[in-house]
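Before any questions on binding or motion, here is one chain by itself as structure tokens, the form predicted alone.
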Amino acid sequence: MLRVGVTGGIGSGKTTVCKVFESLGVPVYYADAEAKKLYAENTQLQFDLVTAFGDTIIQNGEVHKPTLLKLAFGSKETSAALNAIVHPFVFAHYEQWCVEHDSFAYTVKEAAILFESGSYRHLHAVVGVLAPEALRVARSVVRDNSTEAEVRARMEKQMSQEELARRCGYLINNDGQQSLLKQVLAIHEQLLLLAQQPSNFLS
């Protein structure tokens, strides 16, 4: 089974692109959504997060994601600390998920930090989702009920779109003008062909 990543900065539309892949019958692992479940269910993860960020992140017995993110995105160091804690738990869960879906030609893993976390090394290909900065900000303000300043602060701590585009094997432009379906279909056909060949993980 081919393992494919889909990544992009905040507001790029990764999830929307992944929904198109799902409509084609491709299983998608949503790393952020699965992480949220782990926040609520995994007591070891909760303990590690409280140790790093303090007990203010716990509300009503659960990790309060907005409070955690506000603390974590305060600096590159705290953001890296959050990723270092959460990623191993998500990775182990993803590995088990792959075992359960190994009958498919390929699967997709949606995650914002595939390259930063190093998890791209366990994938065969990565699709990058790009969008104009102003559109990304507008989407994120509405979706997250955030201010423009808060969104831009998060964007500054993420990999630039230029760097992301350079590192991805496939690109999708989610600018609201070009058809996402056509772009995803073209990549889908290429991935089906790639899945028939002996493949190696990215290095």
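Keep in mind the model is a prediction, meaning the values are calculated, not measured. One rule holds for the numbers: they count along the sequence shown, beginning at 1.
What follows is about the form predicted together with a small molecule, which we do not show.
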query	finding
Partner contact for Thr16 in the predicted complex: the small molecule, 4.5 angstroms, heavy atom	yes
His64, heavy atom within 4.5 angstroms of the small molecule in the predicted complex	no
is_contact(Arg152, the small molecule) in the predicted complex, heavy atom dist at most 4.5 Å	no
Val20: touches the small molecule in the predicted complex, heavy atom cutoff 4.5 angstroms	no
Residue stretch of 37 to 45, 174 to 182, 66 to 74, 51 to 59 approaching the small molecule in the predicted complex, non-hydrogen atom distance within 4.5 Å	174 to 182
Non-hydrogen atom within 4.5 Å of the small molecule in the predicted complex for each of Gly9, Ser12 and Glu110	yes
